[in-house]
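As a starting point, one isolated chain is supplied in structure tokens, in the form predicted alone.
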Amino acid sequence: MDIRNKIAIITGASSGIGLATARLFSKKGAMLALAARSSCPKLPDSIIIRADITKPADIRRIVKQTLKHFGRIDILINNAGRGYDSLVTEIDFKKWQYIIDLDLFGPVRTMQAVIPVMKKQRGGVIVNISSGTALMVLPSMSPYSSIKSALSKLSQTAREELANEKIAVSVVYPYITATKFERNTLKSVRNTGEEEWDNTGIPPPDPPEHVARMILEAVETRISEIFAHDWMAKNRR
């Protein structure tokens, strides 16, 4: 899909991967509905919608305002999310439920809200942002990685279900990215996590612009899955 003059909803667009994607899509000529809980920078041919993806009413409002302003929805980028680190034995179910609402139920509800619109239009592209952790087994990261694994499997199933409607569903797997994500991650571990995971010798974080280019590639090619680095797919567990 050529994104010029296409209408894209991007969630979590106020910073990090979402903001980098918004800037890239704007540069490529897309028209944007930028959804986030905090303020987003104004970009050409864009509207800003203050919304919390954990709230179904806010999701419905995003779709309603996008349709009212632009008249259609061609692309959905489900990017909003937050991390949660905990040993399995120490999972705080209140925190985990919040992350499930945000990282899994939020994207699914948003998909359910835009799919009827895309069906009427006879096409569209949905890109769900998973995580490299969904491909690995990392101590203290199971609450987050299990959610992202579930999102990936659900996305692949939706891809099959919607193929005849000409709606492509893709999954993007970022590597560690140089954003505020780790700083905002909820934690239920008694230490910093450094004892559980020795990160010496691993590649440095990717800039968010790298992931934005992956998302653009997913939209343009309608590919099923795209990985930040080839070794991630080869080493998936």
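In this text, residue numbers run from 1 along the sequence as written. Worth saying up front: this structure is predicted, and the values here are computed from it rather than measured.
Just so it is clear, the following notes concern the form predicted in complex with a small molecule, a form of the same protein that is not shown.
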* Out of 67 to 75, 122 to 130, 88 to 96, 160 to 168, where are the residues with a heavy atom within 4.5 Å of the small molecule in the predicted bound form? -> 122 to 130
* Check whether Leu186 has any heavy atom within 4.5 Å of a heavy atom of the small molecule in the predicted bound form, and answer yes or no. => no
* **Ala13 within 4.5 Å of the small molecule in the predicted bound form, heavy atoms** => yes
* Asked: Is Thr177 close enough to the small molecule in the predicted bound form to count, meaning some heavy atom within 4.5 Å?
  -> yes
* To do: Look up in the predicted bound form whether Leu102 has a non-hydrogen atom within 4.5 angstroms of the small molecule, and give yes or no.
  => yes
* To do: Scan Ile53, Ala30, Val63, Ala33 and let me know which has any heavy atom within 4.5 Å of the small molecule in the predicted bound form.
  => Ile53
